[in-house]
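Presented as structure tokens, the chain that follows is alone, the form predicted alone.
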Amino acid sequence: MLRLENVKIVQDDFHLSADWAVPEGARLAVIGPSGAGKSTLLMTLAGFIDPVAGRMTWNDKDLGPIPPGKRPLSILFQDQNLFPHLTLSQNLGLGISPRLTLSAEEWDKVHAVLGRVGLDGMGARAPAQLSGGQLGRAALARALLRNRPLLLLDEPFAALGPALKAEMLDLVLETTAETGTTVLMVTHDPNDARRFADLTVLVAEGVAHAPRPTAELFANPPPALAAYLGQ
């Protein structure tokens, strides 16, 4: 279970609070106005921002003392964060070893996950040789290789067209369902939330509100969400 206990985040005049929990294997959308703190929430979970109060736990283990690279999570950003001077296989290998000192068995895992996300035979290519959809698949493949129980998605597919984005969301759904991964996905698009998430967190007016069933939330939006959606 992921639990945020009276968490308070402060950066200059920005404030955000959160106090809720979600079960393991949940799929959450995180939605709200620009600047409300959606990405800040994910960055705090990832360990790049320290809350000023409260604590965050995963299966009752306090995440606070754990450095970002050791936390039980992976995070995908919009820019995919692939190194241009490395091949696709090497970029994925970093998910296993930062020094790329992989055994033959580990390289086999890299090639297997490339096939799993539809990139079979592309391991020798540079990121610049890949399309936007292929870059998204590569970033997802690296996260799968890390094999962490939490996956944070900070709009990694926002630059894709509607059909390709839907395809990528379905791929995330399929692959994370197999592993029971808990997923939090920042989005500006309510259609993405409806397609992907059982639960949705509304971030607005200084609060990351407790998750609510996605269909119910959009059917009866609170005033802050209604204003965001232009209703």
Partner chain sequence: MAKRLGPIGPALIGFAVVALTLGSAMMTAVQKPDWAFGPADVLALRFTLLQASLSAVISCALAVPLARALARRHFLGRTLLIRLMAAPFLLPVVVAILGLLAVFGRAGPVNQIITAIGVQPMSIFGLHGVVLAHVFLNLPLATRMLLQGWQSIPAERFRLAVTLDMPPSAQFRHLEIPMLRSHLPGALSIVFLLCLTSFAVALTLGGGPGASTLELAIYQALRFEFDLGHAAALALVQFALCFVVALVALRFDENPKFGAGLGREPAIPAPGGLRKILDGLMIFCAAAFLLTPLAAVILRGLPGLGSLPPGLAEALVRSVLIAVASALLAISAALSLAMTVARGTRWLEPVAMLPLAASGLVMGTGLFLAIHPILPPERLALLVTLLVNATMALPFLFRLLLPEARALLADYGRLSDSLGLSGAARLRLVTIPRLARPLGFGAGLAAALSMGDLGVIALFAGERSVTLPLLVQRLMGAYRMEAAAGAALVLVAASFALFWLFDRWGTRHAAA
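In this text, all values refer to a predicted model and were calculated from it rather than measured experimentally. Positions refer to the first chain, counted from 1.
Form predicted in complex with its partner chain: not shown, discussed below.
Participant: Looking at the partner-bound form in the predicted complex, is residue 66 within 4.5 Å of its partner chain by any heavy atom?
Facilitator: Residue 66 lies outside the contact set for its partner chain.
Participant: Quick one: is residue 81 in contact with its partner chain in the predicted complex, heavy atoms, 4.5 Å cut-off?
Facilitator: Yes, residue 81 lies within 4.5 Å of its partner chain in the predicted complex.
Participant: Does at least one non-hydrogen atom of residue 43 fall within 4.5 angstroms of its partner chain in the predicted complex?
Facilitator: Yes, residue 43 sits close enough to its partner chain in the predicted complex that at least one of its heavy atoms falls within 4.5 Å.
Participant: Are any of the heavy atoms in residue 158 no more than 4.5 Å from a heavy atom of its partner chain in the predicted complex?
Facilitator: Answer no; every heavy atom of residue 158 is more than 4.5 Å from its partner chain in the predicted complex.
Participant: Spot the stretch among 196-204, 181-189, 43-51, 23-31 with residues whose non-hydrogen atoms come within 4.5 Å of its partner chain in the predicted complex.
Facilitator: In the other structure, the partner sits against 43-51.
Participant: Using a 4.5 Å cut-off on any heavy atom, which residues of 98-132 would contact its partner chain in the predicted complex?
Facilitator: The stretch 98-132, when checked against its partner chain in the predicted complex, contributes 98, 99, 100 at the 4.5 Å heavy-atom cut-off.
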